[in-house]
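We begin with a single chain expressed as structure tokens, specifically the form predicted on its own.
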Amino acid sequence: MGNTVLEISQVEKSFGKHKVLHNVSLKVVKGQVFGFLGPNGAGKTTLIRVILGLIRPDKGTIHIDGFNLQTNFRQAIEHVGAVVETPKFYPHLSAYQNLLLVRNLHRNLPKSRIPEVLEIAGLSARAHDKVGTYSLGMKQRLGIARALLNYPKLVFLDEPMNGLDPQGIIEVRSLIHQLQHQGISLFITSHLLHEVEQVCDQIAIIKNGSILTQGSLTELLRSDLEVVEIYTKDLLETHHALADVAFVHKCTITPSFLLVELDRGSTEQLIRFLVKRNLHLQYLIPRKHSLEEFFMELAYEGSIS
């Protein structure tokens, strides 16, 4: 399988008569940050539980680092780490003591691994402080440190920035980039789509248990259209003038500007048109096609081809 660390092929899962996963197939390669997105109830948590071996699929196969999860569970799961939901710790124990309890479950892990992962998570200076004194962001980083104890090649992070303040988000984002540069693959679920756009290079979107689309974030956000905001004193007149322009696909009027979708590369042509019509153009702002817009269009307004 080469650099492939996770390969999911045609996985299905039902609970009673309710089918939660429909023919799901995904692939994650070494050093990739993979974003797994979907509305609530789409099947994200169920798939993660299947991958971690917490529940068995009805159909399909899962390979982690080349090992079949169903037939070689111990080898497949040996180098997997996970932070699922808010990480829980003993608040009256220090970070070091909490990680020591986990390390004791792994006979072959040296004690020296504990200060190593605390250093990676940026917690060395607070290693012997009680976890009860930690901020939410520090607890999240400690959760990631715990997931790194077994030298994982693949780490699952379920909503890693949920509830964090801006400083905590920056710290976790930086840690994700650091782990990627070390060749660790990360599988991330998040409702914070702006943050997914900051850290992920591949995404998949699931809805009603089926994968709607997956691929490179850059490729998925590439569009044949571009969007611009037009600021002018003649909002109504400009809106009317653009109604029949061939390269303009959509023009929406707002209280302060026009939001215009047009053929990619047509911005200069649009400016010339407005100037020629004496429509008093004040300024124009290009708008990037964001992951949030792409997700909302796909997950809530239907699928794309």
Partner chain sequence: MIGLIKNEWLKLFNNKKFYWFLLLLLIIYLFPVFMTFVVRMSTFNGQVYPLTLFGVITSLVMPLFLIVLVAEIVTEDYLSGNLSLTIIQPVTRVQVLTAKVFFLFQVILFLLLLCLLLGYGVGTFIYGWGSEFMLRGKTYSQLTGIQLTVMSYVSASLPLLAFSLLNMFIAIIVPSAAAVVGISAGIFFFSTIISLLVDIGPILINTYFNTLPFILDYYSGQSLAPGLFVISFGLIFYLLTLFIFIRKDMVL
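By rigid core we mean the largest C-alpha set that fits within 1.5 Å across both forms. Residue numbers count along the first chain shown, from 1. As the structure is a computational prediction, the values presented were derived from the model and not from experiment.
This next part talks about the form predicted together with the partner chain, which is not shown.
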*Identify which of Asn162, Gln214, Ser135, Gln97 has a heavy atom within 4.5 Å of the partner chain in the predicted complex; exactly one of them does.*
Gln97
*Taking the partner chain in the predicted complex as the reference, which of Val228, Leu235, Ala127, Leu93 has a non-hydrogen atom within 4.5 Å?*
Leu93
*When you measure heavy atoms, are Tyr151, Arg173 and His191 every one within 4.5 angstroms of the partner chain in the predicted complex?*
no
*asked:* Does any part of Asn104 reach within 4.5 Å of the partner chain in the predicted complex? Heavy atoms only, please.
replied: yes
*Examine Val117 and determine whether its closest non-hydrogen atom to the partner chain in the predicted complex is within 4.5 angstroms.*
no
*asked:* I'd like to know whether Leu54 contacts the partner chain in the predicted complex, with contact meaning heavy atoms within 4.5 angstroms.
replied: yes
*Answer with yes or no whether Asp201 is in contact with the partner chain in the predicted complex, where contact means some heavy atom within 4.5 Å.*
no
*Determine which one of 78-86, 119-127, 173-181, 193-201 lies within 4.5 Å of the partner chain in the predicted complex, judging by heavy atom distances; exactly one does.*
78-86
_Stretch 4-19 - residues with a heavy atom within 4.5 Å of the partner chain in the predicted complex_ = Lys13, Phe15
_C-alpha of Phe89 moved at least 2 Å between this form and the one not shown on rigid core_ = yes
*With the core lined up, does the C-alpha of Ser185 move 2 Å or more between this form and the one not shown?*
no
*Would the C-alpha of Leu157 be classed as shifted by 2 Å or more between this form and the one not shown after rigid-core alignment?*
no
